[in-house]
Structure formats: structure tokens, C-alpha cells
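Before any questions on binding or motion, here is one chain by itself as C-alpha cells, the form predicted on its own.
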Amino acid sequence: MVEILEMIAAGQTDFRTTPMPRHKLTKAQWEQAADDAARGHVSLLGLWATRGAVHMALMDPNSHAVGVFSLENRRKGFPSVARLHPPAQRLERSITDLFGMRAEGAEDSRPWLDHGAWKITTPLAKAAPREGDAPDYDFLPVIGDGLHQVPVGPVHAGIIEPGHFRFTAQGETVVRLEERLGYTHKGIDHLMRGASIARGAELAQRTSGDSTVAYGWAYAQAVEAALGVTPPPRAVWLRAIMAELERLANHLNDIGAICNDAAFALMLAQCGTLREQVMRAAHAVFGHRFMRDVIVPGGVARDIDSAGRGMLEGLVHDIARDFEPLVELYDNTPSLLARTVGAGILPVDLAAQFGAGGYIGRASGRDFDTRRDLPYAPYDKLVFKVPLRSDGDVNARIWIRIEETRQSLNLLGELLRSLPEGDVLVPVSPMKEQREGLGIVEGFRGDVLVWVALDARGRISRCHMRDPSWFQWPLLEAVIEDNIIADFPLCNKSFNCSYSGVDL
């Protein structure tokens, strides 16, 4: 444990402003790092591969120092991290699908992203034509009396992304849930390879549409760190305004949608109206409802004028006025609370083990917010509260969203009042050498991580983007156990994990 923590602390600088160093590990040290993660001595932030190497990002949970570690010359396999630390399992399976590198000792070696529809295998390594049909996907067995299976998806009744859920139930009670995702695989890691910095920004912001700003900002941080670029103060304040608008829109949408899944459609209609106001204001001020392609390495591509500033100030006032009656309505509707209180409980220890980010972790006692604990401008100059609960049920996840909505409104007010003058963009010039950078931003779901490696031409040689949902989807499987099938939509929406963010 001490050795890995010392490596993290060694030469620790602000990784958002300088190229990110990597610590090269031996096989024994790699296994020790996995054991440290399993024991909770370090937190796993990410696990990915490049040709011939695997990498992981680790954080000291006490000092919040971050380090990137590599095991090189591993073209065929590497010691499994998931064998000791289960949160790494799906990341390892995706590494095998994309690079053909086997996680040695892994308990689950089934494909994750590869559904057998690709014409080639291992597309990010030495790709080979696929031979024959892909084997059937074997869901994990469940043994017991009176059990039956209920398959749901991948096509669903609503206009949502595809995902397959395989329930094993005894009567109405869920004994096991297993997810199969990967249906929205876009080949985005392959598209990133060889792309220009500008094209990479466009791809990053199309990874998971509801987190456009978070991905764009994390990618920009990674590139700026790799090249030693500091964006202007006004640009980072504008980024924060966009980030809080994105958080506000998504939390309002989720609060209404969760209540709708408990047959309380009034909240969906009212919260949907408020969300639409946010989206229209974003479009009017930043030119796009999701504020796409506004954040670029070096700053932002669009400034706001006094009229736009006034519009956003009016929006904050109106949302703050209209939101509180909805909170009171939620808290004083017994039939609604009867569905949300006590449903889908995520234990505190499980949230900590998986490093659950965002409202999922904070509703189950994990006191972590990147804006505060890995601070970046302008949040390092702002005062805000990070709400925390330990009851871990659907109700708790709603209340975390409620409190974060209030905090976002306060932050938006402060950001608009204190918006500095000046330029919004500085040039970003590629270096004639290889550079690497890391970015971590607090999206509405939790921490979004982006690691970028640039070649000597300034092109992207590898970009890894880790959505918070990688560590949250497995927890949904855990919380639905011993609940009835009819409560799954409620639990699922209270998590609201991203399909696209993990399908890559």
C-alpha cells in the first residue's frame, strides 16, 4: 500500500495544468495496486489500454492526489484487477473486446462491447476478420426453486437508449438482475485515433448527449494539461455556467421522471416545463440546447453579451421561484413517498467500494464531489455545499438532486454576478513531441474522466473517456434485489445511468 501511495504523492502537481506523468509498474506492483484498490486504500478512477500496455488512474482517498499507472509490454494479457476489485470488471471486458488483451485470472471473461456484429475483432489492436458466428451470450445462472426469468429490452417502450435487462424472480421478488449493454457502441475510441485536437473535442461532446458540457470540459482539461495551456478566466467561468445549466436541466428532468415512474405524472409535467425553460435559455445564449461545441481546448468558442447574461439571471430567478412549490408537493404526497422511501437501497459500503459518483454515491454516504475535492477553476473560488445522505434509497437520490438543484441555482447567480471580463480563447499549438494529459470534471451523474495522449504531430494517439456510469450500472443490479419487478423502473430512473457513455 505504502509504495503505491508514495508514487501517487511523488511529484504531485496540478494535473490539470501540466502533462500527466505515468508511473511504470512491474507485474507485482500492478497486482499490489489492485489489492490496494480492493482494500479501499486507493480509489480506482479508470482502467484502459493502449497498444501493448494497460493503465489505471488511482486516487488517494485521503489526500485526493491522483496518479496514472502503467503495465507495459502486455500485448496478450495482464493480471486482472477485477479478480480482487469487482468495479474493474466491465472495463476489463471492454479492453479485451477492443485490444484482445486478456485479463488473467478474471472470473468473467464474456464479451462486453462486442456483440458479434463487427466484421473484425479487436479493432484497436491488430484487427482480424471475424471467423464464424459469435457464440451465444450466457447470462449468469441462478439456482433455486420456483424461479422464472423475465427478459426486458433491448428495445423499450419509451424513447430511450437500448439495453437488455434479464430478471430472475421468485414470484414478484427479484432474485437477480443482470444487464447487457453495448447496443449503442459507436466506435468512438477508434474515431479518436489520429483525429485532430479540434475533431476530438467534437467527438468527446457526442459521447453521451446529456453530459455534453461535462465531456467537453474534461476533454479540454486533458488537452490543455498535455500542452501546458491555461484558458482565460472568463472562459472557465463560462464553462462553469454551462456546467451548472446542464446539471440543472438534468436534475429537473430526473426528479419529474422518477415521480412519473411512481404514477405521479404531475411532477413530470411541472419539472419538464422548468427543464424546457433551461434548455431554451441555453439555446438562446449559447446557440445549442445542449451547448454542444461551445467548449474547446483553450477556452470557449462563444461569448455571452449583456442580453444573454440578463436572460440567464431571469431564468435563475424564475426556476428558484417555481421549484420550491414542487419540492413541497413531493414531500407532502404520501402515496408518492410510499413508493420512493425504502425502495432500491444502496448500502454505504457498496457505494464506497465502487467509488460511486454523483447523486448515487452521495445518497449512500460517499462524500465526494470533484468540484470540491479535486478543485478546478472557478470552483476553487466558489462556496457551495455538497449534500450528503446515508439512507441510500430512491427518496435519498431524489433529495440529493433537490439539494444540488438549489446549489446550482446559487452557483449560477454567483457566476453571473462575478463573471470576469476579458478574452474567452487562447491559441492551442501542438508540441513536436508526445504529450499526455488528464481531465476530471463533475458532471451531473458524477466524475467524468478523460485521458488524452497526443503524438508528435499533435494528433490524438489515444483518448480514453470514462463515464461515471461504468461504476454505477453494476450497483443498480444490487439495489433491485429483494425489490419487486414493478419497482425496477423507479430504481432505474433514480440511477439514470448512461447507456451511450459506457457503450463507447
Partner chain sequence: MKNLLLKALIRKPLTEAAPAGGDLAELGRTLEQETRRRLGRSLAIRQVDAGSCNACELEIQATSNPYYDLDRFGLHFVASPRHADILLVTGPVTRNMEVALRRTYDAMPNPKWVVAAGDCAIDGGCFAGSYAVLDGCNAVIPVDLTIPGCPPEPAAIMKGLVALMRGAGETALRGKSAGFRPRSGK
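Positions refer to the first chain, counted from 1. This is a predicted model, so every value here is computed, not measured.
Missing here is the form predicted together with the partner chain; even so, the following discussion is about that form.
This chain is displayed alone, yet in the predicted bound form one of Phe167, Phe384, Trp118, Phe139 has a heavy atom within 4.5 Å of the partner chain; that residue is Trp118. Residue Ile160 is the only one of Ala263, Val150, Ile160, Ala198 with a heavy atom lying within 4.5 Å of the partner chain in the predicted bound form.
Though the partner is left out of this view, Thr273 does reach within 4.5 Å of the partner chain in the predicted bound form, counting heavy atoms only. For Ser364, no non-hydrogen atom is located within 4.5 Å of the partner chain in the predicted bound form, even though that partner is not displayed. When contacts are judged by a 4.5 Å heavy atom cut-off, Arg110 does not count as touching the partner chain in the predicted bound form. For Gly209, a non-hydrogen atom is located within 4.5 Å of the partner chain in the predicted bound form, even though that partner is not displayed. The stretch in contact with the partner chain in the predicted bound form, judged by heavy atoms within 4.5 Å, is 182 to 190, chosen from 220 to 228, 182 to 190, 69 to 77, 169 to 177.
Residues Ala33, Gln353 and Phe495 are none of them found to lie within 4.5 Å of the partner chain in the predicted bound form, as judged by heavy atom distances.
Residue Leu98 is the only one in 89 to 104 with at least one heavy atom within 4.5 Å of the partner chain in the predicted bound form.
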